[in-house]
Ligand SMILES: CC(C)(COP(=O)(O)OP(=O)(O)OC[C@H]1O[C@@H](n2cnc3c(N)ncnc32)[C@H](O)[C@@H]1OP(=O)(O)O)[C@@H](O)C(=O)NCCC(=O)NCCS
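Only one chain is shown below, in structure tokens, and it's the form predicted on its own.
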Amino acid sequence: MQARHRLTFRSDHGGDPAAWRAFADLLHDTFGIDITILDALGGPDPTLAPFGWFDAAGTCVASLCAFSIPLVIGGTFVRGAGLQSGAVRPQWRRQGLFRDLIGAALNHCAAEGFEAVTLLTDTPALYTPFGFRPLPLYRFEGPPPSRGATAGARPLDLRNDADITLLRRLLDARRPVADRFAPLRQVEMFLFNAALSPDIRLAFMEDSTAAIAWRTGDGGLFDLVDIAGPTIPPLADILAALDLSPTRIVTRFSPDHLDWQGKAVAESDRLTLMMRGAEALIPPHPFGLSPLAEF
């Protein structure tokens, strides 16, 4: 039974603390994540455009958000948008609420002049009717390079306000980690994902003015997750700065600027990246996406 007449559609709840809390509750109940930790990291993305259905008690029963995510695709700047936080409470599903939210979000993206709209999902079939196409993601594997320069690096701590400020500055001025496909900024998602990923370590290479995100694994694995800053240091210098001598390297983005080459391996166990846009904007394969850039 259609019960939409008992609900209120809102696209202004980003500035309403009670409605924002209701939106956060929906995401916590659906995905088990607490977006309020963004408050300690500098706040949510200022470009966020939330769309939602609310019941008479103020409960957010369905949501979807659009936001700006400037991209580099094939070495060219693309004015991109992302969709995230798509959720519907179980008792309100199959009533057309999500279809309406997607329509509102895509209308917003068109009005703002975004050239491409991207999203990550575990249900790609839900989005193909709206013109989204899946794009396979890859990681890049290979042996380590020879040891590089020995300048050190210091750890970064997301519980330290000064380190958060430094990371926000580096992310605002970052060079894209790859030419094939990479976000240009995405400050809030980087910090949010890092806060939710205790296995990912952060360090600042002062000589290169770059923050390095990495993790280690069994068998001498060094997993390079992301780099944030106006320069991209060579992989050999990163390993020297971190004082690491791994036997195997994985990067989560195409190593266009690392002075190192790896074999592309499809990542079948990750969410599906989807994009809606002109055929000419489809990224050249193979390419990857940092886990800290997921949204």
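Owing to the predicted nature of the structure, the values given are computational and were not obtained by experimental measurement. Start at 1 and count along the sequence shown; that's the residue number.
One more form of this protein should be noted, the form predicted in complex with this ligand, which is absent from this view; the next part is about it.
Query - Exercise: Thr30 in contact with this ligand in the predicted complex, heavy atom 4.5 Å - result: Thr30: contacts this ligand in the predicted complex.
Query raised in the report: Is there any non-hydrogen atom of Thr123 lying within 4.5 Å of this ligand in the predicted complex?
Result: Close contact exists here: in the predicted complex, Thr123 approaches this ligand to within 4.5 Å, heavy atoms only.
**Report entry** Interface membership of Val88, this ligand in the predicted complex, 4.5 Å heavy atom rule
**Finding:** Close contact exists here: in the predicted complex, Val88 approaches this ligand to within 4.5 Å, heavy atoms only.
Query raised in the report: If you check in the predicted complex, is Arg154 within 4.5 Å of this ligand, heavy atoms only?
Result: No, Arg154 sits far enough from this ligand in the predicted complex that none of its heavy atoms falls within 4.5 Å.
Query - Among the candidates Ala210, Leu97, Ala194, Ala116, the residue which, in the predicted complex, approaches this ligand to within 4.5 Å (heavy atoms) - result: That would be Leu97.
Query raised in the report: Looking at 89-97, 105-113, 136-144, 185-193, which lies within 4.5 angstroms of this ligand in the predicted complex, counting heavy atoms?
Result: Heavy atoms within 4.5 Å of this ligand in the predicted complex occur in 89-97.
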